[in-house]
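First, one chain by itself in structure tokens, the form predicted alone.
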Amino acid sequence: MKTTRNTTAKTTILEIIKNSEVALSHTEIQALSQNVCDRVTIYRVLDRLVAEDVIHKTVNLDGTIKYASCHHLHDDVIHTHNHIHFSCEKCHLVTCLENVEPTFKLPPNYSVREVNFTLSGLCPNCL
């Protein structure tokens, strides 16, 4: 059984991510955390939450890593993050489109471990 360490920083960062409707960058999380911890601690907490499969990360079109809460159940389900992310070209928000599953065909002798699909355009608020 895997035990996880809960700290004030981890709890605060996880609540920030869970309460956000969009994926957040380290800088955005740091601004919202109200100096609960320093930037290095935020990186460590984010890495730990990704490793614990509580959040996932995606790379924005400009190369910025964004973090989002996982909306899945751990009970007897293989956990994947194979959903589409949408990056708005105007407001730069990244949203997870959980109910849209990407499809693709690979040549023989390739094995997929992870999918990172990012679509870009205008979100409903900017359209």
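None of the values given here were measured: they were computed from a predicted structure. So that there is no doubt, residue numbering starts at 1 and follows the sequence shown.
A second form of this protein, the form predicted in complex with a further copy of the same chain, is not displayed here; the remarks below concern that form.
- 65 is the sole member of 32, 54, 65, 91 with a non-hydrogen atom lying within 4.5 angstroms of a further copy of the same chain in the model of the complex.
- Mapping the unseen interface onto this chain, residue 9 falls outside it, with no heavy atom inside 4.5 Å of a further copy of the same chain in the model of the complex.
- The closest heavy atom approach of residue 118 to a further copy of the same chain in the model of the complex falls within 4.5 Å.
- Although the partner is absent here, residue 19 lies well away from a further copy of the same chain in the model of the complex, with no heavy atom inside 4.5 Å.
- In the model of the complex, a further copy of the same chain sits within 4.5 Å of a heavy atom of residue 60.
- In the model of the complex, the residues of 104-122 lying within 4.5 Å of a further copy of the same chain by at least one heavy atom are, in order, 104, 105, 106, 107, 108, 109, 110, 111, 112, 113, 114, 115, 116, 117, 118, 119, 120, 121, 122.
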